[in-house]
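First, one chain by itself: the form predicted on its own, in structure tokens.
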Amino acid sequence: MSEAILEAKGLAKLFHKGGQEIPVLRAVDMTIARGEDISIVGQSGSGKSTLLQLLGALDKPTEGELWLADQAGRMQNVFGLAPQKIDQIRNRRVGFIFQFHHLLPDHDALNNVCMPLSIAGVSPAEAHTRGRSLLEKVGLGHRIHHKPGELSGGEQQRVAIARALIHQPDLILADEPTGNLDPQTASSILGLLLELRTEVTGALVMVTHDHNLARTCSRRLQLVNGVLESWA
């Protein structure tokens, strides 16, 4: 296996509702290597999205640790870092793709794609050069100045993919990335995502309810009773 870039150790997550504790994740152990593409399936409410949020440090676990390789390859405990450092990791080393694209409606495709670079302090000229190049790769070079409301669902998801990859992340987290698309468009989008993932050499972890799409990934897992298991 290639070098590990992320290790989850005993991740657990409890939610409180109506005075009761509801365990969603119980003890998740997971090692993600650079260049892997991984799918995670599970029943609705099984905790797939919760797990993805923990892996991307969007939320903190009730128990457990998340270790990420730094630029020198040394593992560091993400949740032991200062909040500002965690924010930097999310912005610069993790790319998020969601079922609902979360594009800024008043910004065109180019500026939506460039947003992570703008937050990181990259100059507008460099950001726009990189953004245009990625939009060309996802087949939207002719739509860079169109706003989300002027794009189809599939085109909006292509913009979201370009935005997630703009900073060449080590980890790409996709939560039902094709769940809002018709089957033909969904297949096209997933193929594009897998192709572009190899260019940035990052790992892809995709949550999906579609077993056919899940089978396109080389490593397949399922969440059962809050624990990850292999799935054929």
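Just count from 1 along the sequence shown to find any residue number. Not measured: the values here are computed from a predicted model.
One more form of this protein exists, namely the form predicted together with a small molecule; it is left out here, but the text below deals with it.
Undergrad: Only one of 28-36, 49-57, 62-70, 191-199 gets a heavy atom within 4.5 Å of the small molecule in the model of the complex; which is it?
TA: Only one stretch passes the 4.5 Å heavy-atom test: 49-57.
Undergrad: Check Gln168 for me: does it contact the small molecule in the model of the complex (non-hydrogen atoms, 4.5 angstroms)?
TA: Result no; Gln168 lies far from the small molecule in the model of the complex.
Undergrad: Check whether Ile22 has any heavy atom within 4.5 Å of a heavy atom of the small molecule in the model of the complex, and answer yes or no.
TA: Ile22: yes, in contact with the small molecule in the model of the complex.
Undergrad: Against the small molecule in the model of the complex, would Gly45 count as a contact residue? Criterion: heavy atoms within 4.5 Å.
TA: Output for Gly45 is yes: heavy atoms within 4.5 Å of the small molecule.
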